[in-house]
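Quick heads-up: it's one chain on its own, the form predicted on its own, in structure tokens.
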Amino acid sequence: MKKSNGRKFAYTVLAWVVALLVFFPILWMLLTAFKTEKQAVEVPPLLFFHPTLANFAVANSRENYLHFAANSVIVAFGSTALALMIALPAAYAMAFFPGRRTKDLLMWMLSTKMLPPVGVLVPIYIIFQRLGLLDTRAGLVLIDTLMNLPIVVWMLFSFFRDIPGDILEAARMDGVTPRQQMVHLLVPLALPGIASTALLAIILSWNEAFWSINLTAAHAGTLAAYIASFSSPEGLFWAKLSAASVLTVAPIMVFGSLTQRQMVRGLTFGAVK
């Protein structure tokens, strides 16, 4: 009994150490945001100082924060909605009507995530330029949808596979069409998994920086472009950059804390039979 309690205590300590290591960059960014530029580069670093809100005032006055934040919300939620509209029927077909190449198709979709985005930047840029999608929210929604679609399909496929096929078979015997099965039967049963998939897609889209910086400018730029605007040829202003980063991270952290229960419930959906 004592050995079991000691092992549990060791695991608890290890979990806290890992959590602190993961959280430390966020904590340091938060502290730096309230320092002056001189204090931000002090060696050794200052742990005790008089906090200032000047960096947040400069960050808000230099660029229109609310404009970039609105773009991030539109792009994150828009790309997630579009990805779900495409992935739901695709995952449904793969889970309940698999073919000989279904597994190969799933692996091919996942393999596209292994390609570095910079490898396709030039052709994507040229396509967007000719279609008039550069620096547009619609273009950013489209590219984020394509980037997240393999993960969304894979997660929904896994959740759908956990649903007993006998339920759908009974519905088919009662004359329910495939569309009615998916809308009125499958979606309610897999709602926790769909919710967690949507939350993950929103977070991935919110954090996407590469395409936002390279395909947008002042009109459709997201908060990732907002942060990038604080770098200059003269160097980085760490305090102001940290303040801008806090303003960028804060909304998604609040959103994640409010929805963490739904995400955990969805990610463990079907884990216990």
Partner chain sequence: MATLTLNGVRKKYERFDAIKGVDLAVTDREFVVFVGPSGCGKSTLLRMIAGLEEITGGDLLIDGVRANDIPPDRRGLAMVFQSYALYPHMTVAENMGFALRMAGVAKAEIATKVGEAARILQLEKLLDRRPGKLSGGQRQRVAIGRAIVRNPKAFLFDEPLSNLDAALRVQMRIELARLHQELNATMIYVTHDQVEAMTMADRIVVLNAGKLEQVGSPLELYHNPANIFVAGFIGAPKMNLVDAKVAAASAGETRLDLGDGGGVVLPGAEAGLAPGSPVVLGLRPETLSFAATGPFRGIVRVIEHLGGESLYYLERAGGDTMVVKTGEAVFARLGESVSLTVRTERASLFTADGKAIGLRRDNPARAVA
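Please read these numbers as outputs of a predicted model, since none were measured by experiment. Numbering follows the first chain given and starts at 1.
The form predicted together with its partner chain is left out here; the points below concern that form.
The partner is absent here, but in the model of the complex a heavy atom of Ala171, alone among Ala93, Leu200, Met109, Ala171, sits within 4.5 Å of its partner chain. Note on the interface: of 191-199, 152-160, 174-182, 101-109, the segment with non-hydrogen atoms within 4.5 angstroms of its partner chain in the model of the complex is 174-182.
Although the partner is absent here, Ile86 sits far enough away that none of its heavy atoms falls within 4.5 Å of its partner chain in the model of the complex. Its partner chain is not shown here, and in the model of the complex it never comes within 4.5 Å of any heavy atom of Leu146.
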